[in-house]
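Okay, here we've got a single chain as structure tokens, the form predicted alone, with questions on binding and movement later.
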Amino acid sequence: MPASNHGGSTLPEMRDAFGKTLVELGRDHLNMIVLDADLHTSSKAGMFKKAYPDRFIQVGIAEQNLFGIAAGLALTGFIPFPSTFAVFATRRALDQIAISIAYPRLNVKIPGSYVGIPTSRAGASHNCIEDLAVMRVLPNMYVADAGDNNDLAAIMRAAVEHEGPVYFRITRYTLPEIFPANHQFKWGKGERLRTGSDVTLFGTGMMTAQCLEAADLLQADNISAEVVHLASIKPIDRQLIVESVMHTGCAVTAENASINGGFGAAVAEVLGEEYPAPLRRIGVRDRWVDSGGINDLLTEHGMQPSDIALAAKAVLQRREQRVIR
């Protein structure tokens, strides 16, 4: 795990980077409005409230209303950011997002905070692992999961520039810095972070850092792993996925979410249609996430770098068996 989560780092949590970027975007886009469902101190959307109080709307604990108001604001030319925890967006207000925002392709930007394993202390009611599967199936919806704070800022800039609904994830976690401050994000494009010849490790969100650590573990065993970061989950970089796996012959995906219908499923869909190859998916399997320490839960769910490395060795073995046959 990144050392920054065990003391000694001055890097901010991703939610702090979210609040800071909201303020920066608000300065450049005067038609931008942030709406909140009584969580602005947790999500850090309160930074925007402090900077632009006349463009901050508090709707209270009424998530369905939150997205209904956002839809109305978008129809009148504003760029609304309805901010809440991911679990409330994808469970409690899904109908409003689907029918009032995605169906008419309105220009609403949806930040889903507190996603995946790092929300562990809040319990199953607040832990969101299904949002990638839910949001990427909605027509017109773009979906992204940032690998670090600079990636998040780039995604948010790209979200404002894109005309249409966007869902992006914010992990309550401090991630190691992967990208430079001037990082550019493009919808439908991935990033090859490390070249390799034996296996491809596809990561999204916080799990890309885990993939980089796993590649180091594999290198110690003379296994060359290519690491590809796919922050843009929808649209996804089909060309890069196929090119990488054509080169290595096998792959592992890693996501801070359920593997059912999520990021790993998206990669599997591409490979199934374009270039079938041995594949293992790392993430939360068909179960709820219990309360507990983050590191303990990553171990329990098999999401540590060592688990990714073991999965890589398993798909390598399957690839070799196919060649022998």
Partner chain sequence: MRLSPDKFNELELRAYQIRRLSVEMIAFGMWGHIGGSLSMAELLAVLYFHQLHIDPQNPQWAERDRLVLSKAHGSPALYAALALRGYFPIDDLYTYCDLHGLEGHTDMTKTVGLETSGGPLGMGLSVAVGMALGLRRHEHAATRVYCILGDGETNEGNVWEAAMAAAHYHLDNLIAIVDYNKVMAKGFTWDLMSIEPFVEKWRAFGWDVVEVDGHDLEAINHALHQARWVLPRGKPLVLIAHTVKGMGIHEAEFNYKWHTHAPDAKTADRFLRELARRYGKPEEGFSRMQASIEKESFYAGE
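All values derive from a computational prediction rather than experimental measurement. Positions refer to the first chain, counted from 1.
Heads up, the form predicted in complex with its partner chain isn't pictured, but that's what we're talking about next.
Its partner chain is not drawn, but in the predicted complex it has no heavy atom within 4.5 Å of residue 242. Its partner chain in the predicted complex comes within 4.5 Å of no heavy atom belonging to residue 179.
Shown alone here, residue 62 lies within 4.5 Å of its partner chain in the predicted complex, counting heavy atoms only. Its partner chain is not drawn, but in the predicted complex it has a heavy atom within 4.5 Å of residue 54.
Only one of the listed residues (193, 160, 122, 153) places a non-hydrogen atom within 4.5 angstroms of its partner chain in the predicted complex, and that residue is 122. Of the candidate stretches 125 to 133, 185 to 193, 216 to 224, 201 to 209, only 125 to 133 contains residues with a heavy atom within 4.5 Å of its partner chain in the predicted complex. Contact annotation for the candidate site: 11, 28 and 306 all lie away from its partner chain in the predicted complex (no heavy atom within 4.5 Å). Contacts of stretch 291 to 309 with its partner chain in the predicted complex, defined by any heavy atom lying within 4.5 Å, are made by 291, 292, 293, 294, 295, 296, 297, 300, listed in sequence order.
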